[in-house]
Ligand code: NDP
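Next up: a single chain in structure tokens, the form predicted alone.
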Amino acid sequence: MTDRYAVFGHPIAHSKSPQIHAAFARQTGQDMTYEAILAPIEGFADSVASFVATGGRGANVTVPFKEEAWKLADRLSPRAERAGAVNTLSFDADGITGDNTDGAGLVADLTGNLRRQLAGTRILLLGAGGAARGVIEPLLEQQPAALVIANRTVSRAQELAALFGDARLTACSFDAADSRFDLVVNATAASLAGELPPLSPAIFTASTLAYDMMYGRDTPFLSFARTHGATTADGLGMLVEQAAEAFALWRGVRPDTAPVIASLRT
């Protein structure tokens, strides 16, 4: 039988994950299908249970269910355990295994596709939700000089920073971030709503890379950063790279991401 996989989110119609995994399957000769499933805000667990009951083998999880997926899993990978958020689920006779491939995807895109050196840099991470949680440890592993989490609710950013116990990791409000950063990553949901976090232009210089995890549109964040001299990139590369990591977990083979990214850009 053909193995079934899916991505769960709300909203989900914009997702390119089905295209990406279909391309991976063709490239690697895997017999599988991959679909997008709109889960009700209050019905994520039920949607997953229904998918598993009809033969689902694995799933990706996107906004706003990553922290709920963490709670749903029977077992967690070490990186998912530390992140407190899950974007990849695997289903077998022993239950649900949760993993988080977001951080690996982001770092692969930044260092591989965008050729950015992260060691010794100052990084500003916008947001303290599930999208942010998954990338903190992989970013710290790149040995930046500082990683600052900025969030509308400062206490949530402070709680998140405290979880990792790293002296390079600090927290502040959006408007309190007012010094230069080499990399600014937007992990908020603001871009989904066409909004911009209240940021100081002082965080950007001509050498800054402003990176939005949202993809497929010129977001207010990217436009604002570009206006103030920064180089910009959207999250399409991260999406493909984290998908490749999930695909390798499920199928035991790692696809080549470069042609898939190029095709989606075209």
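Sequential numbering from 1, following the sequence displayed. Think of the rigid core as the biggest set of C-alphas that the two forms share within 1.5 Å after superposition. If you're wondering where the values come from, they're calculated on a predicted model, not measured in any experiment.
Keep in mind that the form predicted together with the ligand is not shown, yet the notes after this line are about it.
- Checking 131, 161, 80, 184 for any heavy atom within 4.5 Å of the ligand in the predicted complex turns up a single hit: 131.
- Only one of 117, 179, 153, 170 lies close to the ligand in the predicted complex, with a heavy atom inside 4.5 Å, and it is 153.
- Considering the ligand in the predicted complex, the lone stretch of 40-48, 22-30, 230-238, 201-209 in range is 230-238 [heavy atom distance within 4.5 Å].
- Looking at the ligand in the predicted complex, residues 4, 88 and 255 place no heavy atom within 4.5 Å of it.
- In the predicted complex, the ligand stays beyond 4.5 Å of every heavy atom belonging to residue 224.
- At a distance threshold of 4.5 angstroms between non-hydrogen atoms, residue 69 is out of contact with the ligand in the predicted complex.
- Contact check for residue 59: every heavy atom lies farther than 4.5 Å from the ligand in the predicted complex.
- In the predicted complex, the ligand sits beyond 4.5 Å of every heavy atom of residue 175.
- For the stretch 169-199, the set of residues having any non-hydrogen atom within 4.5 angstroms of the ligand in the predicted complex comprises 174, 187, 188, 189, 190, 192, 195, 197, in sequence order.
- Once you line up the core between the shown form and the other one, the Cα of residue 63 ends up 2 Å or more from where it was.
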